[in-house]
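Consider the single chain below, provided in structure tokens and representing the form predicted on its own.
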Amino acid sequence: MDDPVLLTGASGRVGQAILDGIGDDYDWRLLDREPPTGDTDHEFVVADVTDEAAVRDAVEGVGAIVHLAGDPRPEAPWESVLRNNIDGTQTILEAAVDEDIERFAFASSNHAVAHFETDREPDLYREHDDFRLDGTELPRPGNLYGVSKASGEVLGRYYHDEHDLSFAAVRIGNLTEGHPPIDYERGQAMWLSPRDCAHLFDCCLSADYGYEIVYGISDNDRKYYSLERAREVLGYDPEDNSAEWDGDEKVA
């Protein structure tokens, strides 16, 4: 891709994983509401995604968008998720279609489907359980943050159908640095390593697709999210597995 890629929420954990993994592979334009804490090799825009004028300036001339910005707190109140996550996503989607952006990758969340776990935990976190969510199911949010992420997926559906925008929603699992949470079954089942995170969003930027919802986890032995759609459509080929870690060390 010759045109820059706009990465919103660039200073957050997902944004940093993406930049650490594929930062040299694209011409990035970074956007965050707070200025960077250190030096950056990329253009950096300090703006809020709810500021329509600033968003339109940031979107101008880019070829794709990775949209991570928003209130990431599972306990975030409605006023915040409405403004930052729903209105903010709609603002940047509207700017994207006006600018004829090619691809839009959206950071959704496991919280958009958390209540599928209610009647099945803890068995679905274990290897013997064959229950899988594959992205075709309707959302069952576990909190208002999850509602906002499901709303982002639906907004993407609308902008794809109405304006033919290529839109991929990645329902991100448990992104932790270094190693998966050893004594946390749910965290093991939905672990996403930083390098697999970067690879998955790289796939979202390079593959051909229309509208997709995929799960963002590594290839864990324990899993209740299917990776088949991400593999088939996006070419996702994760390298990591939570079962291969013991304490701080990788054992296989």
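Not measured: the values here are computed from a predicted model. In case it trips you up, residue 1 is the first one in the sequence shown, and so on.
Keep in mind the form predicted in complex with another copy of the chain is missing from the figure; the text below concerns it.
- The three marked residues, Tyr184, Arg229 and Glu232, fail to reach another copy of the chain in the model of the complex, with no heavy atom of any inside 4.5 Å.
- In the model of the complex, Arg140 approaches another copy of the chain with a heavy atom inside 4.5 Å.
- Heavy atoms of Tyr158 reach within 4.5 Å of another copy of the chain in the model of the complex, making it an interface residue.
- In the model of the complex, Asp87 approaches another copy of the chain with a heavy atom inside 4.5 Å.
- At a distance threshold of 4.5 angstroms between non-hydrogen atoms, Ala150 is in contact with another copy of the chain in the model of the complex.
- Proximity to another copy of the chain in the model of the complex, taken as a non-hydrogen atom within 4.5 angstroms, holds for one residue of Arg126, Arg73, Arg132, Arg83, which is Arg83.
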